[in-house]
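We begin with a single chain expressed as structure tokens, specifically the form predicted on its own.
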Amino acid sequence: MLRVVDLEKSYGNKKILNQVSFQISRGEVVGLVGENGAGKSTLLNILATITKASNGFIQLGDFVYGKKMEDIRKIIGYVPQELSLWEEFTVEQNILFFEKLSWKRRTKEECRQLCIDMQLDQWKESVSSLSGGMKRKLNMAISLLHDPMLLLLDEPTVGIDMKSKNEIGKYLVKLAKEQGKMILYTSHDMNEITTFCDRVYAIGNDPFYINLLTNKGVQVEKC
């Protein structure tokens, strides 16, 4: 389980996160919504151990943040909005390069199967020739190389076609239900949120997303 209690983050006098609390159980895909500037990316950066919180408590499985941070990083996968790929390399070269940097060793066959599972079969093609959806799939595949317990996704389908969005969403649900992963997923696409997420948390002071999703029959809580 991921448990977050009274999390706060400030930059100088500006408070970005104010007493944010929520939890995610294994096997869940949980949406995170809120207006621009509400702190969604900041929250993911803190959970990914890229940024330190100003105050609050975070526990992931048996680990408490602030202690054994290297062990925590080994069980987290993070997909930021920005693609982190070598455009001039092939899909194969990219994933094998990142496998060398991963916490867990994978064979070439396992790496290729990971791509196939995500319906990314352009193994020998250069990344520069891929569609936006295929690049997003490769970016996600790289984040899964070390088999993380918690997967953090910051707008993972922004700017891509509906078919790729649907394929990625279905794959995330499969990961959660079949492998027991915890997935925290930010998106401005309410169709994705309502289709693929078990529950939704709203961050920030604007009630727009809470009202919108509640009217659609979605379970949404303020965090």
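This one's a predicted model, so the numbers in the text were calculated from it and none came from an experiment. The first residue of the sequence shown is number 1, and the count goes up from there.
Below, we refer to the form predicted together with a small molecule, which is not included among the displayed structures.
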- Heavy atoms within 4.5 Å of the small molecule in the model of the complex: does Tyr11 have any? yes
- Message: Check Thr42 for me: does it contact the small molecule in the model of the complex (non-hydrogen atoms, 4.5 angstroms)?
- Response: yes
- Message: Would you classify Gly37 as touching the small molecule in the model of the complex, given a 4.5 Å non-hydrogen atom cut-off?
- Response: yes
- Query: Do Leu212 and the small molecule come within 4.5 Å of each other in the model of the complex, heavy atoms counted?
  - Reply: no
- Per contact check vs the small molecule in the model of the complex (non-hydrogen atom within 4.5 angstroms), the hit among 190 to 198, 28 to 36, 66 to 74, 168 to 176 is 28 to 36
